[in-house]
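Okay, so here's just one chain, in structure tokens, the form predicted on its own.
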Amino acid sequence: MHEVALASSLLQLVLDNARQQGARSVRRVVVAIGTLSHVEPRALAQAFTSASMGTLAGEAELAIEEPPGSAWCFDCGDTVPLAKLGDDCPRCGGGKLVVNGGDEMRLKALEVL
């Protein structure tokens, strides 16, 4: 389960940012986890909750946004929605796709006190 390592890295990023801002506590953390990212949002949330106990982020709400997948299709020359990696183009059935969205994991916002 790589979500434990990801949660630890996310927590470190959150704590570093909170300390730079002189925060006493972290109230809310917003992350984007794309549907093509190979990250299980619920597992990440559980791991983050466990990892953050006793830290500035111990009481923080973790809000997870899940941007949909998208890809550029070389066959039809358009950006198309992509439900999962390995799928063919939903418009033309072509298989030459390059993912251009929904594969990210990104810290979007941090609310601190």
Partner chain sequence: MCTTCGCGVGETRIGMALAGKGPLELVEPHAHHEHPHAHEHAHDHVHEHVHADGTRHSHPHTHAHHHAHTSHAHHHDALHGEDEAHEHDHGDLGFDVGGGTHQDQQARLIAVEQDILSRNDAVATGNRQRFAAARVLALNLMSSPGAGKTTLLVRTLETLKAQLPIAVIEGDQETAADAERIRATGVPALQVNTGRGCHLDAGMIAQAIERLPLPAGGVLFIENVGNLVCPAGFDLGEAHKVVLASVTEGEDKPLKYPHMFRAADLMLVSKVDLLPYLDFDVDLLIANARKVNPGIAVVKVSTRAADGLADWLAWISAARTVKGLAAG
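Residue numbers count along the first chain shown, from 1. The shown structure was predicted, so the numbers you read here are calculated from the model rather than taken from an experiment.
Another form, the form predicted together with its partner chain, is not on view; read the next lines as being about it.
Trainee: With the partner left out here, check for me: in the predicted complex, does some heavy atom of residue 95 sit within 4.5 Å of its partner chain?
Mentor: Result yes; residue 95 sits at the interface with its partner chain in the predicted complex.
Trainee: So, residue 46 and its partner chain: in the predicted complex, are they within 4.5 Å at any heavy atom pair?
Mentor: So residue 46 counts as contacting its partner chain.
Trainee: Answer for residue 64 alone: is it within 4.5 Å of its partner chain in the predicted complex, judged on heavy atom distances?
Mentor: Looking in the predicted complex, residue contacts with its partner chain include residue 64, since a heavy atom lies within 4.5 Å.
Trainee: Looking in the predicted complex, any heavy atom of residue 77 within 4.5 Å of its partner chain?
Mentor: Residue 77: no contact with its partner chain in the predicted complex.
Trainee: Can you name the residues of 39-63 that have a heavy atom within 4.5 Å of its partner chain in the predicted complex?
Mentor: 40, 41, 42, 43, 45, 46, 49, 50, 53, 58, 59, 60, 61, 62, 63, in sequence order.
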